[in-house]
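Consider the single chain below, provided in structure tokens and representing the form predicted alone.
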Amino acid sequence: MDSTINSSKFYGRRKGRKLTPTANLALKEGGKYFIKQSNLEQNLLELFSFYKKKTIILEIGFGNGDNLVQSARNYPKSLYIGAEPFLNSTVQCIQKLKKNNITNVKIWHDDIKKIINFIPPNSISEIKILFPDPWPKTKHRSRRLIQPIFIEYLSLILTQNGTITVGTDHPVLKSWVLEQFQSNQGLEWLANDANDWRTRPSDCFSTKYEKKAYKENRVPSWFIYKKIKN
């Protein structure tokens, strides 16, 4: 598979306003949650080997951790891996993890494309991508996270019958998601009627992005795809 995905350019912010002393302390004390970047391939190999008997869920772009934290609280026997390149959001998530004494979460604080090559095939039971940046302008379509090659990588690391859930409130991205996933023959869209994509899945939890969407009269859609073949 194309290895250039690891070196593709990242679009978006890495850091916002200056961190407060409290936030810096949380970041320092939250180091136990991080997947270390040094010896990355070996670290991931050991991580997945250690948790190979557990259900592993990957959330890409977890924001301030609303869904990630609530999921980990509700399903303590599963391992949750969250990827988020934005530092300020990561700190907020760590503060919530510490407050709730949650231990079944690992965080990759960088672009998911930098580690996806090192995730073992058929190891992730669920992948969640909730409210990714839509990059709505046509000239920015190449910046959208969801691209055919990226979907191939997601399918590769999914277990058989594993699922990918994408939530978005943006009309451009809704059409884009349907178009991009349709081209992958190894994934099946789980939708029998409109209610299936209009209703938030029971294992996804309300986030500030979803609340903002409803506040601004934008209705989210939820697309779930199941891996049916390698």
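Not measured: the values here are computed from a predicted model. The first residue of the sequence shown is number 1, and the count goes up from there.
One more form of this protein should be noted, the form predicted together with a small molecule, which is absent from this view; the next part is about it.
Contact with the small molecule, judged by heavy atoms within 4.5 Å in the predicted bound form, is confined among 195-203, 58-66, 43-51, 176-184 to 58-66. When contacts are judged by a 4.5 Å heavy atom cut-off, residue 152 does not count as touching the small molecule in the predicted bound form. Shown alone here, residue 86 lies within 4.5 Å of the small molecule in the predicted bound form, counting heavy atoms only. Residue 106 falls outside the set of residues with a heavy atom inside 4.5 Å of the small molecule in the predicted bound form. Though the partner is left out of this view, residue 126 does not reach within 4.5 Å of the small molecule in the predicted bound form, counting heavy atoms only. Between the options 158, 130, 79, 91, the residue in contact with the small molecule in the predicted bound form by a heavy atom within 4.5 angstroms is 130.
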